[in-house]
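Taking the form predicted on its own, here's one chain by itself in structure tokens.
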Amino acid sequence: MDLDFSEEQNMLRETTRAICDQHYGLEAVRDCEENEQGYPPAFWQALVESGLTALTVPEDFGGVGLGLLDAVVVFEELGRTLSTSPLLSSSILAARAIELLGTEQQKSRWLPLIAGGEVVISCAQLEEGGSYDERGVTLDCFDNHLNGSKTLVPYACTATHFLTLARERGSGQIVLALLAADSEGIDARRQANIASSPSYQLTFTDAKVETLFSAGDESWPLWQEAMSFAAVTLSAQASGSAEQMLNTTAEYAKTRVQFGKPIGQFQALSHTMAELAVEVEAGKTLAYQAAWAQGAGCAWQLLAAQAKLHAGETIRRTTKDGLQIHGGIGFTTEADPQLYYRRAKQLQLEHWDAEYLERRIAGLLLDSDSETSIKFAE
């Protein structure tokens, strides 16, 4: 396994960092907490113009055709500056799901639009009181119409389309329903959350489906594969945020003087930061390993789940301990640490929470067909 980044990947990192520095930054993060859109329009346009919305879309369908490891490089940089947008939902998760479940005609229609940023898709999976398990999908799909509700749907206010998990009446099979965001019968209500991100509850009342994606009994496993793909990129995003929080904390510990010396020289704090540094680096490496395995055709979905679980726990601990090291100032809205702290829990819960991930990891380890995954993970 070669985890050295290529010259092209290093250039990709520099390009992403430049876009974030120019169009986002922590002041923009604060501004976006106050508006409905939740991200700067110029930032999204820059992502489109640089080709990042087409990053992992196959070349045959208008994309750049790069791999998951390339996406990890991009999302690690996005995490450093808390630069969020519909990129994960639309260009990673939705695009991957359509690539896996769509017919050639469906892929030819939708993937070029996603790659070009003409279509922005928000994915809706979770339901009230439900879970990430298959049994949590109860939204009714009958005669190409949807009835029911979804919760914590990201960027519903700016999405042009929704890609919604539903259960087909009669067969009981899982399907993916794509419908325009301005369709009749859709009610969107914003939900408050600790990260101040634009999350919505969607209620569907005889909402007409534009395109239905189904692979029969394989629909759910293929959706899980698409979720694994997205989980690796989200792991990288969380690792990027955790690393930046750790760097900010270390710099503060070098300059904050107490009892006649910088607080970073106190053993209790220096040991804590050393432990965090190990955890952050381990999380980055695990995401790289999962992405490399996927690109190399090795068993990778177990690694993806492990990367997501580890990254979620690491960013929670890094932001919590970093906030405590900053002391009272870290909790103030004028300071930067609270921005990372408030988004840590959101990153941990998105795209599989810890409870579901533990069950998934156990299932993959105990599945007799996953022996290759076990050996690779060890």
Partner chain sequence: MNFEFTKEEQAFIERVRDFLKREAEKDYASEIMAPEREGHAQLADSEERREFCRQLGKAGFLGLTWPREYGGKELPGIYDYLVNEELASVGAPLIGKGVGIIGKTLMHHGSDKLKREFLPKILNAEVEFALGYSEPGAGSDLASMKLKAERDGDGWRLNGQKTWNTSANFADWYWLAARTDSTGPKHKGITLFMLPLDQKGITVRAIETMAAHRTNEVFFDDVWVSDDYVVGEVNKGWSYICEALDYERFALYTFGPVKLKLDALVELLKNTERNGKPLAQHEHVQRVLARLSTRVEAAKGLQRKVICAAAQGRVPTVESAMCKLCSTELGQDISNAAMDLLGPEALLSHSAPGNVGDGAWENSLRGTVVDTIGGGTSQIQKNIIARRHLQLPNPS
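Numbering follows the first chain given and starts at 1. What you see is a predicted model, and the numbers here were worked out from it, not measured in a lab.
If you look for the form predicted together with its partner chain, you will not find it shown, but the lines that follow are about it.
Residue contact with its partner chain in the predicted complex: residue 172 places no heavy atom within 4.5 Å of it. Within 4.5 Å of some heavy atom of its partner chain in the predicted complex lies at least one heavy atom of residue 359. Residue 70 falls outside the set of residues with a heavy atom inside 4.5 Å of its partner chain in the predicted complex. By the criterion of a heavy atom within 4.5 Å, residue 349 is counted among the residues contacting its partner chain in the predicted complex. Proximity to its partner chain in the predicted complex, taken as a non-hydrogen atom within 4.5 angstroms, holds for one residue of 251, 187, 128, 210, which is 128. Proximity to its partner chain in the predicted complex, defined as a heavy atom within 4.5 Å, singles out one entry of 224, 183, 147, 193, which is 193. Residues placing heavy atoms within 4.5 Å of its partner chain in the predicted complex fall in a single listed stretch, namely 256-264, out of 216-224, 256-264, 94-102, 160-168. Applying a 4.5 Å heavy atom cutoff to its partner chain in the predicted complex picks out 316, 320, 323, 324, 327, 328, 329, 330 from 314-330, in order along the sequence.
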